[in-house]
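Taking the form predicted alone, here's one chain by itself in structure tokens.
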């Protein structure tokens, strides 16, 4: 991999071929991160990173652990503030990669990890596991955000599942928001736990990557149980709790949605309408409530969708 101290700009291809190997993609991601860092860091920080990269690339475990922790002192913690062109490059190199909220120390830490030499998943995990186990909050955010950029995705599934159980809000955000790893790699049971944990923490589902593509019948029953528990405790049911039920409505869910459509608050009616209409369900019943025609008009004119009804939560 190129040294970060090298002043020669890295040329990023417009799109990797579908046949490219995991190694090729990892190298391209590393080049992208390197380019961003080189244009944002002071010379002293660039030189320090270059020196640490040399140690890491030669298999210096202690060097990786020490430099990983020292990164913010050398690079600062400012936002990357990526340009539209840089974000487009990120999407092309790794579809689903959304580093809009990344910081310079987050990028530097990820870049250092990608320098570690490995031929197997076990060799990579030999340094990742200690970093996860000893990580403070910002380190964990960087590590979980980097999961979709790492090779051997099957080796990181358990780690992702562990992160979903975290009670640290910023860590949970790193896993569930703008991170393609869960949608691409988790089984239905783990995915369903992610959705429930997000709703339990009053975080909008709108920031979850591919949230509408992982709906499944088991999740519907889990969400209905969750809604009933909330109602029994006198707590508000999140409006987007109904969103993952699209296409998998059962009689129990349809009955509750019809009740909301007929007697819920205006926003509850909107949520019920979206769920039913996107499921191609309840067509006859939608003609009943007086508000149905106005809701359909909002939907057909683009004024009603899940992102508008329940915007992304600001971390």
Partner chain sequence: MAFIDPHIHMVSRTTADYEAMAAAGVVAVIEPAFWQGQPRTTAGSFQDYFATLVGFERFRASQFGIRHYCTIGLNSKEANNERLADEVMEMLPLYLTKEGVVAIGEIGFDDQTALEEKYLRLQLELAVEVDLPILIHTPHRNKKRGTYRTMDIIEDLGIAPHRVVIDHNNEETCKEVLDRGYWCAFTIYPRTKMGNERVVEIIRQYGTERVIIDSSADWGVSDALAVPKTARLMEQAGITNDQIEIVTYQNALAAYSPSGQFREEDWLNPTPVDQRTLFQGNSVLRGGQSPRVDEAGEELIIR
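Numbering follows the first chain given and starts at 1. Quantities reported herein were computed from a predicted structural model and do not represent experimental measurements.
Keep in mind that the form predicted together with the partner chain is missing from the display, and what follows is about it.
101 is the sole member of 199, 101, 164, 237 with a non-hydrogen atom within 4.5 Å of the partner chain in the model of the complex.
Note on contacts: among 131, 82, 186, 241, the single residue with a heavy atom within 4.5 Å of the partner chain in the model of the complex is 131.
Only one segment in the set 268 to 276, 59 to 67, 33 to 41, 242 to 250 has any non-hydrogen atom within 4.5 angstroms of the partner chain in the model of the complex, and it is 59 to 67. Put simply, residue 154 is far from the partner chain in the model of the complex: not one heavy atom of it is within 4.5 Å. Residue contact check for residue 204: none of its heavy atoms lie within 4.5 Å of the partner chain in the model of the complex. Interface residue remark: residue 89 is not counted as part of the site for the partner chain in the model of the complex, having no heavy atom within 4.5 Å. Within this chain, residue 138 lines the site of the partner chain in the model of the complex, having a heavy atom no more than 4.5 Å away. Within 4.5 Å of the partner chain in the model of the complex, a heavy atom is found for not a single one of 28, 94 and 118. Although the partner chain is not shown here, in the model of the complex the stretch 106 to 121 places heavy atoms of just one residue, 106, within 4.5 Å of it.
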